[in-house]
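Only one chain comes next, encoded as structure tokens, the form predicted alone.
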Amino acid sequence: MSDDGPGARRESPRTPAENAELALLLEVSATPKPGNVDRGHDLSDLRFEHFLAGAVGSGEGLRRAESGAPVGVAFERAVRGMRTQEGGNTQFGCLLLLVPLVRAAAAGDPTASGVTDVVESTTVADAADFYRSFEHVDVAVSDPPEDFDALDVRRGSDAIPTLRERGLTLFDVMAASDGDGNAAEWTGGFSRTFTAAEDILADDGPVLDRISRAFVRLLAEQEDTLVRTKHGPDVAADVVRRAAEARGDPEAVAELADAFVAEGINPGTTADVVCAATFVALERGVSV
């Protein structure tokens, strides 16, 4: 997405925090999104209502991001609020992308360069708050690189002394998270987010249908990190193939949604990106 021209202007009647919360609600309401919770599909341990409650719970953290609070502070608070429902981790990855986007939008620069400035300006304290957030929810992550054992995010606060010793910012932590889709957004200018936002803006019809189609396009283009972490590379590659085959055929996409739920395949990282893209589209004035 270009940083210039009318696409870079903020055109929404809502505040950035309101748009972020709305993006969380719209993302989970769009259907079908093969393998993910939506208004037509629950998982065995996660239900539609959990995501609605998680979106509302994250509101204070999103408002803190809008008011200029440090990224880590806003993210940790958003995750803590999200967790005030019985389903567990509903939108951790979505919030990891939304918080810096809200900061950029509130500063008047809801662009790729604007959010890049935000994430590249993060601090060691932001990284510490990021690690603390893992104590609120269980997050599926892959094993860290060998020299990052002491900084495994699953260590939570126990890893903070090492963070401080090495002087690692939150951006540094993301840069070391090789293969993670959300970390790649942070370090790559949120490229998939802004491209998917353009797709949503250029599409027509109800916004929930646009979000569903954007999700399938993303799923057909790149392996989902969560699927790869849980099921391995072969399954992740097969998901891309099956999504590409179903893309553009509403009946086939609906069948794929049912099949993925039955198989326990949950492309959560793709949902994170489409949620962030929905936020950008809302900031750019998509009609709701």
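Numbers for residues come from their place in the sequence shown, where the first is 1. Keep in mind that what you see is a predicted model, and the values were worked out from it rather than measured.
Beyond what is shown, the protein has a form predicted in complex with another copy of the chain; the following relates to that form.
- Checked against another copy of the chain in the model of the complex, the candidates 221, 238, 258, 42 yield a single residue with a heavy atom inside 4.5 Å, and that residue is 42.
- Proximity of residue 161 to another copy of the chain in the model of the complex falls outside the 4.5 Å heavy atom cutoff.
- Although the partner is absent here, residue 143 is not a contact residue: none of its heavy atoms lies within 4.5 angstroms of another copy of the chain in the model of the complex.
- Although the partner is absent from this view, residue 167 stays clear of another copy of the chain in the model of the complex, with no non-hydrogen atom inside 4.5 angstroms.
- Remark: residue 85 counts among the residues lining another copy of the chain in the model of the complex, judged by a heavy atom distance of 4.5 Å or less.
- Between 204-212, 186-194, 131-139, 147-155, the stretch whose residues reach within 4.5 angstroms of another copy of the chain in the model of the complex through a non-hydrogen atom is 204-212.
- For the candidate spot formed by 96, 199 and 228, no residue has a non-hydrogen atom within 4.5 angstroms of another copy of the chain in the model of the complex.
- Along 263-288, these residues reach a heavy atom to within 4.5 Å of another copy of the chain in the model of the complex: 287, 288.
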